[in-house]
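One chain comes next, on its own, written as structure tokens: the form predicted alone.
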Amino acid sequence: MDINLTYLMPEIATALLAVLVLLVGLLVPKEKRHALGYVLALGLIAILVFSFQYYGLNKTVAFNTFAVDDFAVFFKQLFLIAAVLVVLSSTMYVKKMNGNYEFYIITVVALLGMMVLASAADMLTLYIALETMAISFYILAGYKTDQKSAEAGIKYLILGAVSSAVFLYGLSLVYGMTGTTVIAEIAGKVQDLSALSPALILGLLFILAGLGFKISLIPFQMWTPDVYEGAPTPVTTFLATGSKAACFAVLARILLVALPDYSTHWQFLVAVLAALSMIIGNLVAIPQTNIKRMLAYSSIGQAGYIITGILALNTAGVTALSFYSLVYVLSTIAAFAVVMTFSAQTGSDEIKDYAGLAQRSPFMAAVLTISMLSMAGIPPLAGFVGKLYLFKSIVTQGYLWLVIIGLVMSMISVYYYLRVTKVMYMVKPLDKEPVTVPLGAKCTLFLTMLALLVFGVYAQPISMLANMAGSALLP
């Protein structure tokens, strides 16, 4: 029952950083407030470096409500990396919005919710953190003043509120049958039940449905294309990466720590959801003409790949899920950073308008190509290593059919990814004016491209951290 605040320092530092940026912004002229993004990024990098000292603690504090284990630390670092890259690439967006630096503050609040989610060892803590993250994204999705952004914000708010209610009801059923909200204690209470509990199974289904919405699994993906297209691109980027990774971490902790004894009831359902997400996400991405909608359906397919790591029910599966979550975050941020920069200067998100981008900005074209090929799982990029880990973890568990579906859908995804590459490299540009890349976006593009290349050839450092995360969740 340790309530030493030292264990909560990354979260406390993140909250204080948001307050600091808010106060400093009041003293900075409006036309220069976009530069606060660089200050915020430096602060988040400092917290990221500081967080490494928490590896190896593997304990639960604050009356068993907060886990400080390697699994939580790994995902917190993933969220911090995502936030740094998103903030850097969004400085031009904040400048365009006349210095409305509140965008940075709300982004950090969403980040704080994600960090607490990763460490939530109690259902109430988990739900409060989830809502902190979700409410922040409701605001951010409608942050622009145009009609599409307002529509995206309203859609996400209504459907998100419904999913949160479903998730909360599922948690209440689990609590009602076990008498505890502590995740680690639920497993013991489930074992004490004399017979199979229909109410507990119903609660499990509601939890899957609630988190399935946040992750964009089929058939809970109805909000994804419209919100991805309508929301400001920096918001879409963070929503597609940090939010999803946080919910994968929560889902893994609930299913593998709290409800492993009911695995025979949720394994097949999760496998079917994964298969449907891979198939429908990749197939529907093919005819898309808007690149944000294409990436939205691609992210649905990617969610199907990532969730397969839970099916392994072992350390290898959690390791694969953790590793590929990082790879997915880097690939997606790289792609959306290009989309963000291109859209800011051309005002278009249509794939046809990327014609000749290789001539107008060879750097952006190269980064977008590498990020999409990584998502497709083409060697020697990091996405190939991540999918190899995922498929290897489940093939020995009797899911060869799911691996085959994953491989086929990966090959299909190459088609629509290369369609964008073809437009960039083989179609003459209608406008030959060079597309300039701001400093923040340039840093994001370079760092993500470098990471995807390096981790594809030398994945050992990240693989080691991911293995520590897997071992902490399933010792």
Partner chain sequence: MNFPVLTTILLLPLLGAIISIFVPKEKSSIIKGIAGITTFIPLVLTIWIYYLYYTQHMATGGYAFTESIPWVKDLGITYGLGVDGFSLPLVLLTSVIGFCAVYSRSWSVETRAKEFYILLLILITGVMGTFLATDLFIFFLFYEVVIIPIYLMVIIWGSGSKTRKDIGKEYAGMKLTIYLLIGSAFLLAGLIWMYMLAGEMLGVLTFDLATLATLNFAPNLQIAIFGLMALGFLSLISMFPFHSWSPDGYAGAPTAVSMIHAGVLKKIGGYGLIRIGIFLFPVGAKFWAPVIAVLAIGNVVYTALISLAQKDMKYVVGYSSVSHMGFVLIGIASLSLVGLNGAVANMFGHGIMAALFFSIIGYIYGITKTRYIPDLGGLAHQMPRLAGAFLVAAMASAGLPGLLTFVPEVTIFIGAFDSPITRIPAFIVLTGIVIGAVYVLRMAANVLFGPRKEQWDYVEDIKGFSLLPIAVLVAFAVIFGLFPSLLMDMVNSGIQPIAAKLLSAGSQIGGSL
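Given the structure is predicted, the values throughout are model-derived calculations rather than measurements. Residue numbers count along the first chain shown, from 1.
What comes next is about the form predicted together with its partner chain, which is not displayed.
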Q) Of Leu48, Val414, Ala41, Cys443, which residue is found within 4.5 angstroms of its partner chain in the predicted bound form when only non-hydrogen atoms are counted? A) Val414
Q | Proximity to its partner chain in the predicted bound form, single hit among Pro219, Gly188, Pro380, Pro260 (heavy atom within 4.5 Å) | A | Pro380
Q.
Taking its partner chain as it sits in the predicted bound form, is Leu450 in contact with it (heavy atom to heavy atom, 4.5 Å or less)?
A. no
**Q.** 4.5 Å heavy atom contact, Tyr93 to its partner chain in the predicted bound form
**A.** no
(Q) Under a 4.5 Å heavy atom criterion, is Leu27 part of the interface with its partner chain in the predicted bound form? (A) no
Q. Hey, in the predicted bound form, is Thr346 touching its partner chain, heavy atoms inside 4.5 Å?
A. no
(Q) Since the partner isn't included here, can you check whether its partner chain sits close to all of Leu388, Lys422 and Gln460 in the predicted bound form (heavy atom within 4.5 Å for each)? (A) yes
Q. What stretch, of 394 to 402, 337 to 345, 232 to 240, 299 to 307, brings heavy atoms to within 4.5 Å of its partner chain in the predicted bound form?
A. 394 to 402
